[in-house]
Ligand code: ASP
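Quick heads-up: it's one chain on its own, the form predicted on its own, in structure tokens.
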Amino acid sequence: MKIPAIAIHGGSGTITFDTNNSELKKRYLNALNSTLDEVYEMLSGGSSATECVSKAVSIMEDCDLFNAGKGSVFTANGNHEMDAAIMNGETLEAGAVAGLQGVKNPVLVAYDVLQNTPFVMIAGEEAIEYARHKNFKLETDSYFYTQLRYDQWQEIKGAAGMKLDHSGEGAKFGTVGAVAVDNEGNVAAATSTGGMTNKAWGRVGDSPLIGAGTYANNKTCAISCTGHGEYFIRGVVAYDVSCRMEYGGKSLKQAAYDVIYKKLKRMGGEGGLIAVDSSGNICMPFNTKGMYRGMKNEAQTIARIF
């Protein structure tokens, strides 16, 4: 396979819009393709995998189509709490943030944590203060308001439960992520999410948890997950794929397929992942009805919803 290479995702689950004639479908595909084109140009120009996954996720955070950054869902309190993580497969350094409010690009804060602190994760009010202190872009509540997300919240506002970020038949698990391998063969992964509609009690899913929703190791692969976070946490999904490769001798495809189609399904979990190894092999399995995803290398560009 050819390197460099990049893969991205924008969530998995049931796709509820008209698949035959849909402007919304075109918008999603355009968003995926434009992200792939911009970031692959960086990769092929010599930028590191870690820089490129950060850039890819920040682009998707700026798009209101996805449940991350601008498009984040409403919590039970009517605000937006965002999580993100990034990991460098060459050094195994990682950075993560949880429970951010008002921060335009959580993945950039996570990247700063990786680069400039001795920690892996910071959370809550202190993480917001950190972003403010480091002069990251902050936005008012109106920036994060979208009619779709508001309507979803209104459907279950005041109820005891939470809901995944798509209303209607089934659910769409809203997360964005990117994995990449650069010209040097180094891999990296990044993930960002707005979580679940109507979430309460400071709920944090798998996206910012290294080994659950995000992982990267040059010996094996880089992985970003999307799905029902509790199952990905219990199954330590991202790290399990890496372990099956490192200790079990499985290929990227074998390891990823075993985890998504067998292990996760047995647990009752739904979702998918994107992964790339240091040779540029890409795998994008999911056990739901669809997953917003795309990949690009020297030979081809692919963007898919179903």
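Numbering starts at 1 and follows the sequence shown. Only a predicted model underlies this, so the values are computations on that prediction, with no experimental measurement involved.
What comes next is about the form predicted in complex with the named molecule, which does not appear here.
Undergrad: Going by heavy atom distances of 4.5 angstroms or less, which of Gly229, Gly89, Pro106, Gly95 would be at the interface with the named molecule in the predicted bound form?
TA: Filtering the options by heavy-atom distance leaves Gly229.
Undergrad: Of Leu114, Leu209, Met196, Ala131, which residue is found within 4.5 angstroms of the named molecule in the predicted bound form when only non-hydrogen atoms are counted?
TA: Selected residue: Met196.
Undergrad: Each of Asn67, Gly174 and Arg203 near the named molecule in the predicted bound form, meaning some heavy atom within 4.5 Å?
TA: Checking in the predicted bound form: Asn67, Gly174 and Arg203 are all within 4.5 Å of the named molecule.
Undergrad: Spot the stretch among 188-196, 98-106, 142-150, 115-123 with residues whose non-hydrogen atoms come within 4.5 Å of the named molecule in the predicted bound form.
TA: Stretch 188-196 is the one.
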